[in-house]
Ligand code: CTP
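Shown next as structure tokens: one chain only, the form predicted on its own.
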């Protein structure tokens, strides 16, 4: 089994110092990479900026922006059996990037943005029939509606939803509570548990116990 996993946030720079990003720690993606490697699978991990070390047996590619993450994933996508898109990719980037840090007086109070590449949807349009696509939906409400809708919109086989507004779980926490859907509907929920145990449960549900 050859698995490609994206993890962590992206940073969309306004200038060499300032950027748009989010609070993703990368812990869930790294836990999945570790669990997959422990099963003897070949794991490529494409990660945005985090403070985590690559799990043993995992090939790590470090990136910064959404475009860099897309380029790294695209170049590895055709060789994988499954793509697990855990990364919290920024939806927008500054329309203009400055090559120096502007002073406050120089900075315009209106920041123009443009969409970043939709990595999961774009790769889904390039998939082989035999490839498995797994997406993640981190929401602050209406999870039962938003996660299945994202599964359809992105062309996924599976979608993992988690409510990041719940206390003690989510993007920066060590634990998570997830609900899993496939194309047939809701599969089940698991947690709150450490992300390492969440990772094993997800791999068991999606790929079977190994």
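All values reported here derive from a predicted model rather than from experimental measurement. Numbering follows the first chain given and starts at 1.
This next part talks about the form predicted together with this ligand, which is not shown.
S.K.: Looking in the predicted complex, any heavy atom of residue 137 within 4.5 Å of this ligand?
M.R.: Residue-level check for residue 137: yes, a contact with this ligand.
S.K.: Indicate whether residue 89 is a 4.5 Å heavy atom neighbour of this ligand in the predicted complex.
M.R.: Yes, contact at 4.5 Å.
S.K.: If you check in the predicted complex, is residue 113 within 4.5 Å of this ligand, heavy atoms only?
M.R.: No - in the predicted complex, heavy atoms of residue 113 and this ligand never come within 4.5 Å of each other.
S.K.: Using a 4.5 Å heavy atom cut-off, state whether residue 117 contacts this ligand in the predicted complex.
M.R.: Flag for residue 117 set to yes.
S.K.: Should the three residues 2, 35 and 39 be counted as contacting this ligand in the predicted complex, with contact defined as a heavy atom within 4.5 Å for each?
M.R.: Negative, none of the three is within 4.5 Å.
S.K.: Tell me, please, which stretch of 26-34, 43-51, 147-155, 180-188 lies within 4.5 angstroms of this ligand in the predicted complex when heavy atoms are compared?
M.R.: Selected range: 147-155.
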